[in-house]
Every structure is written in structure tokens, then in C-alpha cells.
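Next up is one chain by itself, shown in C-alpha cells, the form predicted alone.
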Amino acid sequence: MEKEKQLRWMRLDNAAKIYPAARRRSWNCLFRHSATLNEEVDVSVMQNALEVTVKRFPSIAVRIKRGVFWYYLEEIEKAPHIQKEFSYPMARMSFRDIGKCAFRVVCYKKRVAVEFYHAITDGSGGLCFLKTLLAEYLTQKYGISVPAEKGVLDINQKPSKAELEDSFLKNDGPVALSRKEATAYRLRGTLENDGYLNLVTGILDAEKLHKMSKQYNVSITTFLTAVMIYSIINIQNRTTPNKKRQKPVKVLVPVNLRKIFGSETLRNFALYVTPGINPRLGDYTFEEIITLVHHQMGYEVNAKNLAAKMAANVGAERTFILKIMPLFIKNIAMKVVFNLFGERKSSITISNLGVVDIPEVMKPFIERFDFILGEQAICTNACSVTTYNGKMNITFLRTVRESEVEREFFCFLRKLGLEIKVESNKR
């Protein structure tokens, strides 16, 4: 497929602008999608598949460049070389690396993983890229014909304008919602001195968890968010027994806006809500927490409220003074905004990608999908969830040595009657 000249460069979408501006050495801004095949990956075939796939994704196969007023995306000339697995996932990607290519493909035995710099896409866009890459790989390797459905794109079809649009600019509301929120309880621990990222994955029966959430008349995301809040409240009770000195426990939950606003974009199009509990008001049972989280999510996750959140971000971008402000000054301002309204307003992030569905012809070749959030700027822990073939994988990533959060979380799920198999990259 020939590249279209008008797609040689693009502005960053509204959500992406914060990532290069607020970057720091300890903050990767990466996330990873991976698939485990039923046999070892043929790296040479995967490289050929990648060469074809990148031409279908001009907004993802890019590098980040610095302009006078904004950072921008520039298409890469060819696909990056597939890399070998590092000692741990999502090893630091320097800004020099991002200036060459803003994603990388990593193969290890049966697993192929794609690690994305968050400025180019979100979890949904990244998963679409991985599915299409896998479809092309299986086509070249085994000669099968994979239909363009369930997130697999037709590599012979030109990208549509809808795939490349900044949907924030199209769907922001008439009134901006205030960003002001109470500062949340912060998890702490002993930082790994060499930057090692600890991973713990709990694997459980998705249908059993679904039935359990329905017993409480809530969604799976609401159920897991309530379990997380309950777990962190228990940790705070141990570290800060004095109720008067405790802080709210809030969980940052990303919301995919595509279905809500009818968008087909492959760029970033997600916002977040932060349901939580103020433990200073008293002790809460799990049933009380799950009820409160359910109502908070219901109040916040609707088109009008989310459009007002978009308006707060888009409005700032459209300000004339900000438009003409040199990039180095914008960077300072955006770092201040991020520090004030970023991760300090939540204790942890939990991102549920949902059920990964693929064309039937691909299923015999793929055993497993995983989704991992990268390290956060301030928070020491992050949690991501994905489901495939009846199995739910709940993965915790942490930058500290202590495994207190995931231990509390999985132990509580076991108390509720769920069986969990736990994997770890503990060294």
C-alpha cells in the first residue's frame, strides 16, 4: 500500500499532549499488549508481517517529533526491527528511542508483544494493531484467510478519516467540568533501585467472576474496583490506624469513549472516572463499598458528564495564549497541571480491557492474551484486566518490592470463593 503524503505527519490528539510534556526519567508512559501462540513465534515471518501491518496504521507507526509550538507525529519509513525480550516488560524507552519509533515489538518463545508509547494510541487502538499483526502473521505462516472483523483490519484497505480523527475535538461539550478533586491515599513501598518492574498475574474463571458480580447487580469493572478499594482501605487501616489522618481511597478507572460517542478512531479516546470511599466517615462493609461505587460509576459514566470533562481539556488547548506559547513554556505549564490534577487524585489505576474477541479462524493458533499497564508517574502500583477464551487475567505491575496490594486483593477474591492461579516474574 502506498503511503499518502497528507499522512506524513499529524498533530497529537488532545489526550496525547500531556505525555511528552510531562515526561520524566521514571515515567515510561508505556503499555503492553501480548499474545501467546500455540507454538514458537517464527521471528522472520513476524518481521515480514510487521512490515505489511505498519502501512495500515499511519497514526501508530510513527515517531514523536518536537515542533516550535507542539510535539507532533511523523510516519516512520519502515517497520522497526523485532526485539528480543528484556529482563522485564516495558523497559524504559528513552525520548531518543521514541523519536525514532514510538512502539516496539518483542518476541520470546511463543509470545509476541507490542509495547506502545501512550501518546500514539490507547488500549483499544493498540489491541486492534496487535490483532491485525497476528492475522497477517497467521496468513503468511499458515496460508489461512482471516476476515476483517472483530478488530482485525483489512490491510489492503486505506485508513479512513474516522480512524485518524481526534475524537476529543469532535465530541467535547458546551460546558467544562471542574478538575478539582480531593487528594487520595498514596500507596508506598521500597522502590526497586535498578528500575525493575514486578509483575503478578492472577488467572481465574471469567464466568464465575461474572456470576459473582451479577449477584451484586453490578458490572465486572465495578465489582473489581470495589474489591480494590476494600483492599487498599485495609492497607491504610494498618499503616494509618488513626481515622482522622486517613485520606480517601480512590481508583482511577479509564473509560473507552468509542461506543458512547460512536467513534472509530484508533488514536487516544478514553477518559477516566475516580470512584472512591472516604474512610474518615467510618468503617465500610464490602457490600456498602460496592453499592457506592456502582452509583458513582453510574453518575459519572454518561455522555453529558464525559463531554464536560472533555471540554475542560479541549478548552485549554483552544486558548489563544496557549496556542502561541513556545513548546518549552507549554511543557512547564503542563507538568504543573499534571502534578496538580494527575495521579495524586487516585490511589491506583485499574483498567479493564474487557473480552478479547478474534475471528474464529485465528482461535486455534492463539492460547492467551495479556494486557499490562506501564509504571505510573507517581503511583507505585497499576492493575490491568483482560479476558480471553473464558480466562480472566488480572495483572498487577509495581515499582516497589512489597506485594501488599495484590496479596490483599487476591486473598479477598479467594475469601469470596474464587479459585486463582498466580504467576509472577519475581526474581
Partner chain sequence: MYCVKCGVELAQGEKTCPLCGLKAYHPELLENSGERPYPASKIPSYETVNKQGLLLLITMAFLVPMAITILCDTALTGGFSWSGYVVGGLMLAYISFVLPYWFKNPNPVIFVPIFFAAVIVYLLYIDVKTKSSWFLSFAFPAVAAFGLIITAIIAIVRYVKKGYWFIAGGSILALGGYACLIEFLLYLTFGFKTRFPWSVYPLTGCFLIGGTLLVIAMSKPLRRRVQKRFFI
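Positions refer to the first chain, counted from 1. Bear in mind the structure is a predicted one, so any value in this text is a computation, not a measurement.
Quick note: we don't show the form predicted together with the partner chain, though the next part is all about it.
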Within 4.5 Å of the partner chain in the predicted bound form, all of Pro89, Ser403 and Lys421 (non-hydrogen atom): yes
Which of 156 to 164, 192 to 200, 267 to 275, 236 to 244 lies within 4.5 Å of the partner chain in the predicted bound form, heavy atoms considered? The stretch 192 to 200
Go through Glu85, Glu74, Glu181, Asp205 and name the one with a heavy atom inside 4.5 Å of the partner chain in the predicted bound form. Glu85
Could you tell me which one of Lys309, Lys345, His294, Arg111 places a heavy atom within 4.5 Å of the partner chain in the predicted bound form? Arg111
Do Arg11 and the partner chain come within 4.5 Å of each other in the predicted bound form, heavy atoms counted? no
Does any heavy atom of Ile64 come within 4.5 Å of a heavy atom of the partner chain in the predicted bound form? no
If we define contact as a non-hydrogen atom of the residue within 4.5 angstroms of the partner, is Leu416 a contact of the partner chain in the predicted bound form? no
Counting only non-hydrogen atoms and a 4.5 angstroms cut-off, does Arg32 reach the partner chain in the predicted bound form? yes
Only counting heavy atoms and a 4.5 Å limit, does any residue of 389 to 413 reach the partner chain in the predicted bound form, and if so which ones? Ser403, Glu406, Arg407, Phe410, Cys411
